[in-house]
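The data below hold one chain only, encoded as structure tokens and taken in the form predicted on its own.
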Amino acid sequence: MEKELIQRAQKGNTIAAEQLYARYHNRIFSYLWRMTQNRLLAEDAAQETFFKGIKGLKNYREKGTFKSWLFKIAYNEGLRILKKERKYFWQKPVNENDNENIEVPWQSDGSPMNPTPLSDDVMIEKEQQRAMEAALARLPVKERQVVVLRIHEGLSFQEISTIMNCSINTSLGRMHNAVRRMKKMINKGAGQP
């Protein structure tokens, strides 16, 4: 199905291109938001990713997967925007007491859902997720990107090495270092030695 969409989009079929956009937009935006930690920068980078992706479809060859090809474009756009903004690391400090970090669930009509009391298990899980996101935000960019591409996007280390233009061993090393650093930060935050 995706292969057919790509082939039709390569021939100029705008409906096929729109379907590819719909299929990948949320994932690309989410990835770029995690990379830039800024909604406007992520939107700009996502828009540029799809512009370059659709424009470059005529040159796309089935070397690897379309997903990894598109994520490579997104990765490069994210780095370009970060460089332009002179932000190589996320600048926003994560404060566990900051209510701005609380996600508000929305109904399909766009209105916020009524908040319900959270069980202890849900509260603990949310706190653990905040600690993970805070640790992720403090990682060096290249380590953070490996974690996001592997954990959040489910890409293989082969795909990650293609996207980041490095060897598989380098990708694995960055993942290992990232996990080690994150564990240390989370343990330190929890008061463990």
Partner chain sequence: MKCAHKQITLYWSGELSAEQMAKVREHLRDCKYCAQYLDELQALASDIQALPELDPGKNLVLNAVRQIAPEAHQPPVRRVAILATVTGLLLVGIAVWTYLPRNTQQLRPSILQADGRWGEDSKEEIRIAAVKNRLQILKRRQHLTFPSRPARFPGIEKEIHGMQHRVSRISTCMTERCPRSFREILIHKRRKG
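Positions refer to the first chain, counted from 1. Computed from a prediction, not measured in an experiment: that's the story for all the values here.
Although not depicted, the form predicted in complex with the partner chain is the subject of the following passage.
- Although the partner is absent here, Ile54 is a contact residue: one of its heavy atoms lies within 4.5 angstroms of the partner chain in the predicted complex.
- Using a 4.5 angstroms threshold between heavy atoms, Met185 stays clear of the partner chain in the predicted complex.
- In the predicted complex, at least one heavy atom of Arg27 sits within 4.5 Å of a heavy atom of the partner chain.
- Contact check for Met132: a non-hydrogen atom falls within 4.5 Å of the partner chain in the predicted complex.
- Site residues Gly12, Tyr21 and Ser156 are all in contact with the partner chain in the predicted complex, judged by any heavy atom within 4.5 Å.
- Applying a 4.5 Å heavy atom cutoff to the partner chain in the predicted complex picks out Asn26, Arg27, Phe29, Ser30, Trp33, Arg34, Asn38, Arg39, Leu40, Glu43, Asp44, Ala46, Gln47, Phe50, Phe51, Ile54 from 26-54, in order along the sequence.
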